[in-house]
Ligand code: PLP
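Next up is one chain by itself, shown in structure tokens, the form predicted alone.
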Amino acid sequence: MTLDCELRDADEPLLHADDMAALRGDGVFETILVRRGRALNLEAHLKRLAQSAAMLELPEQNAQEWRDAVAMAVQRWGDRREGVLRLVYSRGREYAGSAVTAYVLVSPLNQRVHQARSSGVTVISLERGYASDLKEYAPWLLLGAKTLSYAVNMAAIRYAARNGADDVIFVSSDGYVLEGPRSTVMILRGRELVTPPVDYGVLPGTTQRAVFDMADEHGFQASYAPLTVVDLLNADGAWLVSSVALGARITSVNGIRMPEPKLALDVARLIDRAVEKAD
């Protein structure tokens, strides 16, 4: 579905060979869970998409046009199964001037998502290669923007798989937990949920934000604080939180087993309810 609400055949080509999305990863995107005929937490994703686009100095797009395209795509998808909806926005063809590329894509959930939800994930920590305060000094690195340039993130996930782990937690050069390649890190201390500060150059998590907004209603506190790998191992529980997998409980870190939290079911219910009730 293009932004002008033109339905395109998924098996037909859409991007030109010289689109900057393909040539340079010069664009932004959002990934949203579709459930029971709804794109969950849509407004938070639209806000983050606009923020990412502004960081890349892409032309501002009409949010209502995105909403209309999403509504049509979700209607075509139906309400019998969950789906993954992506909003993709690139600078367009290399020599096309101001003509940008924008479209909405819906596809089935990967089996990996079902596995992460039901059984959790094993993770390893990997160096991200920069200090936790770099965002302040290097805005051109686009830290905190959700760009199409995901080659490093996917390479990290493949590295984890080769080393017997399901996923990755990036750590700064000064020893602080940052984020996963496609998720936000969240730990549990007693009844307090904690996640790293966004000032560390991590992507602001839409699902994590929805969880924090509703935490008090479920008897939890929520805060942002610096975390280390030792903090993860000493926590009462830890999760990789994302829009599609929702809450994937971390079952081991660097080969060290983590016990199942006593409040695991309560946290899972909170995450699920938070994304359902957002917007």
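This one's a predicted model, so the numbers in the text were calculated from it and none came from an experiment. When you see a residue number, it is the position in the sequence shown, counting from 1.
The form predicted together with pyridoxal-5'-phosphate (PLP) exists for this protein as well; it is not shown, and the discussion that follows is about that form.
*Asks:* Please run the contact check for R182 against pyridoxal-5'-phosphate (PLP) in the predicted complex: heavy atoms, 4.5 angstroms, yes or no?
*Replies:* Heavy-atom contact with pyridoxal-5'-phosphate (PLP) at 4.5 Å: present for R182.
*Asks:* So in the predicted complex, does any heavy atom of S243 sit within 4.5 Å of pyridoxal-5'-phosphate (PLP)?
*Replies:* Yes, S243 lies within 4.5 Å of pyridoxal-5'-phosphate (PLP) in the predicted complex.
*Asks:* Taking heavy atoms only, is H218 within 4.5 angstroms of pyridoxal-5'-phosphate (PLP) in the predicted complex?
*Replies:* Because no heavy atom of H218 falls inside 4.5 Å of pyridoxal-5'-phosphate (PLP) in the predicted complex, the answer is no.
*Asks:* Can you work out whether T195 and pyridoxal-5'-phosphate (PLP) are in contact in the predicted complex, taking contact to mean some heavy atom pair no more than 4.5 Å apart?
*Replies:* Outside the cut-off, so no.
*Asks:* Tell me which of 70 to 78, 85 to 93, 198 to 206, 107 to 115 has residues with heavy atoms within 4.5 angstroms of pyridoxal-5'-phosphate (PLP) in the predicted complex?
*Replies:* In the other structure, the partner sits against 198 to 206.
*Asks:* Just to be sure I understand the contacts: of N163, S119, N153, S173, which is the one whose heavy atoms reach within 4.5 angstroms of pyridoxal-5'-phosphate (PLP) in the predicted complex?
*Replies:* If I apply the 4.5 Å criterion carefully, the residue I get is N153.
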